[in-house]
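Take a look at this one chain, the form predicted alone, written out in structure tokens.
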Amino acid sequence: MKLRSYVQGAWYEAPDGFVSVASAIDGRSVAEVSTRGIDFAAVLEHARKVGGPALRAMTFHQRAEAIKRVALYLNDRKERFYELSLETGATRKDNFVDIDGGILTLFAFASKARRELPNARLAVEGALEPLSKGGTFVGRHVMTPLHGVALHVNAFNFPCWGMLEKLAPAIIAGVPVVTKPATPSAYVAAAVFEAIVESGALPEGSIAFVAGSLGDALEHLGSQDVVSFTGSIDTSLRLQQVPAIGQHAVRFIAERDSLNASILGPDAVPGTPEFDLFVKEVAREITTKAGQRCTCIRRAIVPRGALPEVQRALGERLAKVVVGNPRADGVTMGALVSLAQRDDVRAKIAELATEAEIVYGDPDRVEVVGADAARGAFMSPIVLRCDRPLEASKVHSVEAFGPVTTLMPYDSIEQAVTIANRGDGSLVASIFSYDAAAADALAVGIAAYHGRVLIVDRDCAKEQAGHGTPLAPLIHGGPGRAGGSEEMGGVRGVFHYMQRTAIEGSPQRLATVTGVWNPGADERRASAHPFERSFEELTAGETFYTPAREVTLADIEHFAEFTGDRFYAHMDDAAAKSSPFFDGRVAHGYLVLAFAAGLFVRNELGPVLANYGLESLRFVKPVYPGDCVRVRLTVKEKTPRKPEYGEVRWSVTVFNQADEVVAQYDLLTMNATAEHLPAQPEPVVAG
């Protein structure tokens, strides 16, 4: 089949110049790709001029909802993707990580965006910063979408997940995407992308798909554009050397060769759960997707005394692996994605073998079930052993991107840390240990070099996600080897497609720009109590002042007896005076909070459905017997949650009789929308 590209809002089939894509199982042609005739400058400009404005007109929540609709649409059609993916050589179990994992990532990003981002077109980051003595000049950081395009260059190993885990944060950020899948598995990505277009969930111009070469696309990038690349370090370096990348300071994200390490703790001797878990995980990592995962364990670092037992146990487990056609019964490991990839892995193994000995498997021979080994890209799992890892270099720099790992011994925890860090940064490293001191020392020692550190022991073994996880982009991300690993997980991944800008001005001006009320901004006295108004009726800055209430000594003593909180500062005048903070007995902080709530809470059934927490609580000044407290209650921010209700964040400030602040916090409530106000109960008629 000839794969089409989707550019400038329409499907495009090249007139000629097609390159054949072979099945990993038997070498027959399963697809053809070509981008001849595509005007890449026009493609990028269409995304910037049409897709960008359309996305930026939407809020974070609207973009997240669109991503959720895409996920639902794909989820109903995933069986087709599974069938196509078998031609990549991966088993159905392997493809679960790619297909279901990719769809799950869309759902997760959509959910996180709705929970953690406002229903607005910009996000506020950090607290308000006072920039003047009188408080009339303040500053705050905001995140706004870049006005460019995100060019995604994806790897062959995860054609579905790799595309979707990049697409979701870019779209949620408000930046259009041009995605280019790796050619060997482009037919799977094309089927997924076709379904995305069919869903109609994303606005015109917000997505484009390139089946084949990128042509001169990189030469037309500008300062507002982003390149996100996954693949080899060699290809990454070539892309980064394109003049336009440097000239326009194009943001460049590279996830490339990653010599991930797994360390067996000195306490994890044969017979311990951690030893067995380690062997199982190494074997699983190098056989899942035939080892073609950016999180695969490439360096298994073990205590020198345990090396023979690890080697034996790993060999026994790998001997049970059945290599062959993913469609054949009993097959547990399929093929590499192509013959070219198999040849590349063989060449890399030969390089590694100059410093390490092959102790399991033969890169040139393998028994295959249900296929012709000569026609398919099949390979045996390979285990090497490097007895002197501190004197070696290639085992820490050359990645054989297939079912390959290297065993390396260490003599001390410090040495294990040094060996792990010789990989010069990776996506993930894991530690298998039940010894707290050893696990702590290893984790702290290697953390600076890895995007994620996984500590596995018998306590978390049943629920831990594993060395590689389909939710990785929600946890970590970044360049991998040659430059360390930058944390870009979750909402940080969204922010990578946004500009962080300091907005400075008056408190009111910043409140207008951000949609978040802050102290010093205008207050609008509510005509009715704000707790009596529906979610839609409330506006940021709407303020209610309560009457005052005296706090008596009897109140303090009653609260102490009722709660059991008889802390000396509340009950012993002499002891309280000995404190550097008090002039005598003081009211409980939580008594002040309770009295504050009593001053502004409404008793009747109304729009406020629930109080679900306080944030940023501070007790600023003591409240003494005889003091009077009153409250300023201000609508700070609103966030829709469901059609029935939304979240309201209230700024609550408690003053004493001298107008001094004694307590301050944010109150979170769920308020009903106008169409879903709770029905008033029928009055009870006495009979």
Ligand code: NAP
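Sequential numbering from 1, following the sequence displayed. Computed from a predicted structure; not experimentally measured.
A second form of this protein, the form predicted in complex with the named molecule, is not displayed here; the remarks below concern that form.
The contact residue chosen from V323, C294, V310, I207 relative to the named molecule in the predicted bound form is C294, the criterion being a non-hydrogen atom within 4.5 angstroms. None of R238, R388, H558, K577 but one reaches within 4.5 angstroms of the named molecule in the predicted bound form through a heavy atom, and that residue is R238. At least one heavy atom of R256 is located within 4.5 Å of the named molecule in the predicted bound form. Though the partner is left out of this view, F229 does reach within 4.5 Å of the named molecule in the predicted bound form, counting heavy atoms only. The named molecule is not drawn, but in the predicted bound form it has a heavy atom within 4.5 Å of A182. Contact annotation for M498: none of its heavy atoms lies within 4.5 Å of the named molecule in the predicted bound form. Look at 123-131, 150-158, 197-205, 388-396: in the predicted bound form, residues with non-hydrogen atoms within 4.5 angstroms of the named molecule sit in 150-158. Annotation: in the predicted bound form, residues A290, Y360 and A461 none come within 4.5 Å of the named molecule through any heavy atom.
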